[in-house]
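This document starts with one chain, in the form predicted alone, laid out as structure tokens.
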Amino acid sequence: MTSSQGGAAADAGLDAGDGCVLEAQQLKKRFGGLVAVQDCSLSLRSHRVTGLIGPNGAGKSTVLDLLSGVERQDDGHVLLRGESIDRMSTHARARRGLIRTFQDPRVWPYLTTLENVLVVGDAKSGYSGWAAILRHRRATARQAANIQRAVDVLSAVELEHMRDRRARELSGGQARLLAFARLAMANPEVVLLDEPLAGVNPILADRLLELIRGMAERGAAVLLVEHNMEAIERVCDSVFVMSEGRVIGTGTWEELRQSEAVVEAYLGTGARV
């Protein structure tokens, strides 16, 4: 299957009401003499989990960096709801609802679990989560509602009992759950996930996949970079495959399993397609 054929197949499986939320158009990125990403185009739609897979060094994390604004592309464009965000900073993109996670959970170690979630609410809602943290007893009604929402989010990831513990006291698995709680609090329109299952046990992996699927069901457009092919098969509606900085195939998982180009890209990597 060629990239264009795969794209047509993926689009054919989408409901007419699901518009494109985030689009990358022919992205290019060089680091010195190394071409990390070359003519990369992909699109994300609301209510969908889209996978991004490929061998190590294929350019997947660089694509996430370009979409989120961590790096700036040398050529090409990134569009959010049809509007160019090429000049927007990472923080500006986050305020527009585009959130990117990293392979290691990034939390505030000296804040409590609850405070970690409240701070995220600050960036998205436009009012001070810090005020709610510093003045629990004198919180306004709006801040009190924000605190209750943060508690509800922690309960959803089974961390409510840890609400008053500092984040540095959490286990590695709990820190990952806290990262997802922060995502839920931000209520993002687009979520870029960089290997969220790396190093987690099967029980936690199942829980994280449920949370990922739940974000899409609530309307988010999710891009999942992951080496766990069973997870990709389980939660992704469509998948983009990268090799040597290029998208070489796109389609449903079953369609990609029949693609010689995709299978060839994984030969010698130990990945199972």
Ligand SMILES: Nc1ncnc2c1ncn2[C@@H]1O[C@H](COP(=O)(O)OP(=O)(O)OP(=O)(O)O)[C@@H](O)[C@H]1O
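Given the structure is predicted, the values throughout are model-derived calculations rather than measurements. Heads up: residue numbers just count along the shown sequence, starting at 1.
The next section is about a form of this same protein that is not shown, the form predicted together with the named molecule.
Heavy atoms within 4.5 Å of the named molecule in the predicted complex are found in one stretch of 53-61, 40-48, 231-239, 215-223, which is 53-61. Using a 4.5 angstroms threshold between heavy atoms, Arg246 stays clear of the named molecule in the predicted complex. With a 4.5 Å cutoff on heavy atoms, His227 counts as touching the named molecule in the predicted complex.
In the predicted complex, at least one heavy atom of Ala36 sits within 4.5 Å of a heavy atom of the named molecule. Using a 4.5 angstroms threshold between heavy atoms, Glu71 counts as touching the named molecule in the predicted complex. Residues from 181-200 that approach the named molecule in the predicted complex with a non-hydrogen atom within 4.5 Å are limited to Glu195.
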